[in-house]
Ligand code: ISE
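One chain is shown next in structure tokens, namely the form predicted on its own.
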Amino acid sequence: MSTLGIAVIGTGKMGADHVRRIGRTVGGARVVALADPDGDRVKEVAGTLDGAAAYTDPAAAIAAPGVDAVLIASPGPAHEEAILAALGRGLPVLCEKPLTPDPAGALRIMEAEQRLGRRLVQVGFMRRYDAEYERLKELLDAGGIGRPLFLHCRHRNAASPSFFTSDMLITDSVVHEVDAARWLLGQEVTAVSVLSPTPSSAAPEGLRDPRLVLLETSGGAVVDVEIFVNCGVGYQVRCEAVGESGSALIGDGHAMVVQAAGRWGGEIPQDFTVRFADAYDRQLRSWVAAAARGRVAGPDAWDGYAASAVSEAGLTAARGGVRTTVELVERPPLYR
């Protein structure tokens, strides 16, 4: 099988991490083109690769010789244009979340895919590739704890980046729990409520952090998400499923516990790229294998659209302090 040539769009933290991963831990692929509006940064990243071309225009990178697939890790508002450019060339896409900042953009992407008659877009909801989440999914699907009633979720970061906004708590962080809940339960989210305590003193001025997000689902389950992006401790992601006949908890495991000098303790990851390193590896290997056959096999554009619609309802709920219903279009046959 020939090596899959990948264009990476966006060379910030996530994009650079994917470039490193393609070069070191994923076989059958190589980065042949990169794009970022920061010319110095994209050249610096390209300089670590053998023969990769650097561009400031995403369209130019997507059209570069040798490109067979596109990995998009640019900011959310730039996703739609890059995805449509890739679809215009019939190229498989792995796009970091969110698919688009609003459901209207996601619908346009779905329309483009439907015109092609095949799914080419995968969304980077990497938790579906995490070993603990996979085991929980298997347990729920097998009815191991009966009908699910609750998902209790915790999503904490040590500190938020300087550009982080109150809206991004929902659109860029809670969106992971939205997709995980839809996938784990096999249900759509039908309504969102958001509660905001007095902001933490560690939160930057104007950032409504933390928040409690409540999701109601089509199957009658309730999902609560504590999002706290300036907890000061580390990166912590936890999910407890409570069913009619039992419960299951993931996310509290420790790889190593040390006992010394009269104390015991473990290490808390400080970054999502550490906590979900294996999930990112498995996601990328799966995508490369599927893209080499001209298709995708993971979370698709419908999943990205649904998550975007829930996020939009979440923003309305947060700003107005009211429970907000989620409006979805009828699911097209291509995504059933």
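Numbering starts at 1 and follows the sequence shown. All figures in this text were calculated on a predicted structure; none of them were measured in a lab.
Another form, the form predicted together with the ligand, is not on view; read the next lines as being about it.
For the options 211, 176, 128, 182, the one in contact with the ligand in the predicted complex, meaning a heavy atom within 4.5 Å, is 176. Contact annotation: of the candidates 172, 240, 134, 226, the single residue with a non-hydrogen atom within 4.5 angstroms of the ligand in the predicted complex is 172.
The closest heavy atom approach of residue 157 to the ligand in the predicted complex falls within 4.5 Å.
Contact with the ligand in the predicted complex, defined as any heavy atom within 4.5 Å, is confined among 192 to 200, 149 to 157, 73 to 81, 134 to 142 to 149 to 157. Heavy atoms closer than or equal to 4.5 Å to the ligand in the predicted complex belong, across 71 to 107, to one residue only: 97.
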